[in-house]
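Here you'll find one protein chain in two forms, each presented separately as structure tokens under the names structure 1 and structure 2.
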Structure 1
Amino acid sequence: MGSNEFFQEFEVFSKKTSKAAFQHQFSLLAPNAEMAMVMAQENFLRREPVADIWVVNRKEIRGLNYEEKQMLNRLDNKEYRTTKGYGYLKKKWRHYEQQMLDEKEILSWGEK
């Protein structure tokens, strides 16, 4: 049995607090999931406290294939959802505020 057949690749994720998001930390080689968990815990417990650790066999992770990635391009055509198209609003608001100040100033002249 070669080393490639004995060891499996695992991805390790952790989060620092119970409310934090999981972050990918590193990959490791281990003969099975139990040993991968022990190795991940040993690595983290020496360095810093963590709230949780996930160890996932790389074979169990599914990514997008080429056709699915092409669908992402089609979903990214909603520029109205970004704020870059609203740059003119700051100038418009400033103009509106200036008109309000002028009206207030004019009205205050009549009170004197």
Structure 2
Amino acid sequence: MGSNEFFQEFEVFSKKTSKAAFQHQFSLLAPNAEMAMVMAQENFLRREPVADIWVVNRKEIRGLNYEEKQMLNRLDNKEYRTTKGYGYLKKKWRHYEQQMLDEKEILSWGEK
């Protein structure tokens, strides 16, 4: 044990408002999560509103190294997954004198 255990790495995440998603801020050294938590806001968020904070010991994070990032590559041939592949419907619906239900229209239903 000894002083090495004092310098554990914690990644700090926070959100600006209760509705916002968590965002990564930076990392700090602390002997444990409780200490990391009482230092997190003042180290990285002294001047902005904060609605919530997470501190995560880096030991608990599995990330990708540069070689592994190749698993993120993919071909640009997946129109069938997106609205891009169904654009022709607009013309079709016009034929039936109906409007196409596009993203803008559908998401607007949530506002009502």
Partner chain sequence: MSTNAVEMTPAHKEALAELLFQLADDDFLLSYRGSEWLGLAPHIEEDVASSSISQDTMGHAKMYFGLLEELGYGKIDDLAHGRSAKERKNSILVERENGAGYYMETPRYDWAYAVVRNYFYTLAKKVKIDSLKKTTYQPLAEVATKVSMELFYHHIHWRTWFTQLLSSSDEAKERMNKAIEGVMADFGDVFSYGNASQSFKEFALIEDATVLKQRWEAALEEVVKALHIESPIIQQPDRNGRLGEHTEELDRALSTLSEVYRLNPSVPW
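Given the structure is predicted, the values throughout are model-derived calculations rather than measurements. When a residue number appears, read it as a position in the sequence of structure 1, where counting begins at 1. C-alpha atoms forming the largest set that superposes within 1.5 Å between two forms make up the rigid core.
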Of structures 1 and 2, the form predicted in complex with the partner chain: 2
After fitting the core, W93 CA displacement of 2 Å or more between structure 1 and structure 2: yes
